[in-house]
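Below you'll find only one chain, the form predicted alone, shown as structure tokens.
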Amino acid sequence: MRLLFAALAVGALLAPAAPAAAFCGFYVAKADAKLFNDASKVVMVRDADRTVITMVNDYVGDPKDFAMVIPTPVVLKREQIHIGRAADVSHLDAYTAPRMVEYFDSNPCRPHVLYDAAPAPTTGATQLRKEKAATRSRGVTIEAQYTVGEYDILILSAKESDGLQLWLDENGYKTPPAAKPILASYIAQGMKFFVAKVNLEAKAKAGGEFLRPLQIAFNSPKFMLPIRLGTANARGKQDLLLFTLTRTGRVETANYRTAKIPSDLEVPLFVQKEFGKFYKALFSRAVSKESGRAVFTEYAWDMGWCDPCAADPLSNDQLRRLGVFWVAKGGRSRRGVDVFVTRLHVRYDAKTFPEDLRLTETGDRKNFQGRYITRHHYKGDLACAAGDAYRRRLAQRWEREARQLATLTGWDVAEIRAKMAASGQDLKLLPKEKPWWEQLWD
């Protein structure tokens, strides 16, 4: 059996709103988790010391080869483990994803009124196995054993890593050598281990192609997400999308730099058709500039509204299914709902992220989103003094867009200019100016 050490690293080690200008614009594309190969998704609901974690298993392969080992701060009871809905997490992913919007220039030859941006509102249990005695001989204790949905779950404690690793190997969980010191550090902290396999009979009854998300709920003063086990058998760097839902405000990491993804930047029109390629390049470039050691905020917003919306806000029932126990049942989320969502994106390996993520809630409720703007130029008659000035500004704007895109992505600026011209961003393609005498008698 191949051991899948939760790259999504769940079971956390558990360890007055300011006004903002409305963005408006027309939403045209988003960059959700599908852009990143093998990206793991975790949703953490946090209120005081109460935590609910939803783990989305992106495992592909024979269900009998699936296994997950996750450090947890307490021995979980059966009622603290639940099966979630992948669709709720996918909706949250779509709602918070970096997005592209488009604007359209007005006729520069026609006087127009400037409007100020509107301010945003403030606002199982199965019987223990016969080998239990052998388990104890390894210094490993089966604290509890359950079947939940299609999963067989054990809660283990251990005295030392050699015994735990040997027990895992003997029971079909093939642990990589790099896991030993990581397991030892968790044992030293008194952590328990949430171990899950697929119950093939239950999976056959449940049907479906994919494994459903596992959810756990517990109390712990520690707010942390253990990611180190996910590096023990990783083939390279991994992407983790962490969605947090709190009452207070934005969540950030306490032991790593939390940086905002570059945002609110104008890019050439052709990027609309290449938005996925663009965002992957932008994110990789941002990671590189931080030497691979930063966690990036891609979205931070009061749940219940968005501007522009990459997906509808989650309903109260969806939020409750993800663990937001303080919202009322039924109805859709509205402005003023007491839930703040933060989307964090980290690309990590054992070298760049040698520690688990220690998280902290802040009181910052300022809205932020990864947003990229395309602006369509006016293609009508420019026969006026303002039209001449508009042409000059347009040439400067397009050059700025080309250079900005090259900086964000590392793409060749000459190739960018060529693509811009091919997509219509070329002054030669604009309507020619009328002779002055034709303008005289218009």
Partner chain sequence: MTDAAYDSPAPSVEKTRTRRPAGAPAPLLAPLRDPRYGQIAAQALLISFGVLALGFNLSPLAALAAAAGALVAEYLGRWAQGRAFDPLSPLITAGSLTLLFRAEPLWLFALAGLLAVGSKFLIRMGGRHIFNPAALSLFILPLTFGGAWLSPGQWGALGLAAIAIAGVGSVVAGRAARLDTTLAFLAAWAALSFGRALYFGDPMSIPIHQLQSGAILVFAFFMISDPATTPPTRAGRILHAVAVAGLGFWLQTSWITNIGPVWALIFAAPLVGVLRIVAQPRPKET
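Bear in mind the structure is a predicted one, so any value in this text is a computation, not a measurement. Numbering follows the first chain given and starts at 1.
The form predicted together with the partner chain is left out here; the points below concern that form.
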Might residue 145 be said to contact the partner chain in the predicted complex, defining contact as any heavy atom within 4.5 Å? no
Contact of residue 330 with the partner chain in the predicted complex (heavy atom, 4.5 Å): no
Is there a heavy atom of residue 355 no more than 4.5 Å from a heavy atom of the partner chain in the predicted complex? yes
Residue 223, heavy atom within 4.5 angstroms of the partner chain in the predicted complex: yes
The listed residue (228, 347, 343, 99) that reaches within 4.5 Å of the partner chain in the predicted complex by any heavy atom is 228
Using heavy atoms only and a 4.5 Å cut-off, determine which of 78, 174, 277, 366 is in contact with the partner chain in the predicted complex. 366
Counting any heavy atom within 4.5 Å as contact, can you tell me which stretch out of 151-159, 298-306, 321-329, 187-195 lines the partner chain in the predicted complex? 187-195
May I ask you to list the residues of 62-76 that have any heavy atom within 4.5 angstroms of the partner chain in the predicted complex, in sequence order? none
